[in-house]
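Coming up is one lone chain in structure tokens, specifically the form predicted on its own.
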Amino acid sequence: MREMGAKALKLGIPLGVQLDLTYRCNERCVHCYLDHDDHGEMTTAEIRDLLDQLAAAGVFFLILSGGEIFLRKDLFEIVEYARKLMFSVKLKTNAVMIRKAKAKRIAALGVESVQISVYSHRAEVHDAITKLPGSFRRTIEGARLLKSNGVRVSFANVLMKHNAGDYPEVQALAAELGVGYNVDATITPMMDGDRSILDLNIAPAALEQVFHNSTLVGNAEEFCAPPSGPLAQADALDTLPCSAGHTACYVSPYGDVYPCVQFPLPSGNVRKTRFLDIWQHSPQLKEVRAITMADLQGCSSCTHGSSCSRCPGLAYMEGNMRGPSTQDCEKSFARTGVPSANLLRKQAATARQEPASGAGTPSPLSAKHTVIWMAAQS
């Protein structure tokens, strides 16, 4: 895998692509960053043609996601065609619609793995998040059916205010069922730029507990892992912010190409331009590839530079893809207890704006850290 990543980066090959087949969904999760209307999804023929293009471009890992992929009546036709093209296929689903026949078909097609969203071990909490009564029961049934047919399954556990303390039990449930487990403590802004759902982010103290839980080491779900080559991984981290636009990208149900599902920078549309032409010549993708760690404003000299999970997509949605991502600064603070300069700067600005009574939203940083930063500035 390391060798594949190194060769892909060196040769400019898009090793992995996430293709969302639909934004329609049978759930209405409170934290979802998508709308759920159909604005003109690609047809079966268009998707088959796109898969041909992806194969010709060198794509090997194909993630089929949504929305809820099983709302596409042609899903199995798409998966079957992708497997004929020798893609390693991973499915993302809520598993609500998976029954015996579907589980057997998925196994027969040789799907590499299925990732299922599970928010709590408590049905009432899970169903309150999905807004679909009975969804927890049906999701777990779907997971059991897949597992019993030999399909590799993992739970994706997004944390928010509703379920902040439930992840140990979800992890235990995954172990009981013999499936994998990933936790993700990041709420993503809406793709249209609406940031109101960020209010669902878990409290700083809860986030700190997550990062200090030794059982979760290696189980963090990251949208964009840093490339592993052609340099050694440590050197790559110093050189490239992440794999988005370098060895991976995202295609929407309408054919729009982005560096990543969490990086909504429009970079072309496969209904107008061949995928390989977009990948090789898109000005937006070229701009993304031109960014190195040394270019990141406020990040290149940060004390967390070697361990930060900074997402350029989150930074882009905050207004500057070359700037810091406050959400990732908060994760680094929760992990280490040491605030970045960006967090201290924002804390100081908040302190200047708050009334003398101290009213306002509490910050994750202590007054001591604010004083240290303000003293340094003076």
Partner chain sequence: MNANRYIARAADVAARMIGGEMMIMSGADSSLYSLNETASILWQAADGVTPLAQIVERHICADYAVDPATALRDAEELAQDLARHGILLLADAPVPDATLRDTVPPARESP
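The model shown is predicted, which means the values in this text are computed figures rather than measured ones. Residue numbers count along the first chain shown, from 1.
Another form, the form predicted in complex with its partner chain, is not on view; read the next lines as being about it.
key: Per-stretch contact check against its partner chain in the predicted complex, the hit in 136 to 144, 188 to 196, 279 to 287, 91 to 99 (non-hydrogen atom, 4.5 angstroms)   = Within 4.5 Å of the partner lies stretch 279 to 287.
inquiry  = Within 4.5 Å, heavy atoms only: does V59 come near its partner chain in the predicted complex?
reply    = So V59 counts as contacting its partner chain.
ask   = Could you tell me if V210 has a non-hydrogen atom within 4.5 Å of its partner chain in the predicted complex?
value = No.
message = With the partner left out here, check for me: in the predicted complex, does some heavy atom of A175 sit within 4.5 Å of its partner chain?
response = No, A175 is distant from the partner.
ask   = Wondering, does C25 line up within 4.5 Å of its partner chain in the predicted complex on heavy atoms?
value = Taking the distances in the predicted complex, the answer for C25 is no, it never comes within 4.5 Å of its partner chain.
task = Report the residue, out of A164, L200, L85, V183, that has at least one non-hydrogen atom within 4.5 angstroms of its partner chain in the predicted complex.
result = Looking at the other structure, the residue within range turns out to be L85.
message = Can you work out which of V30, L34, A55, A348 has a heavy atom no more than 4.5 Å from its partner chain in the predicted complex?
response = Selected residue: A55.
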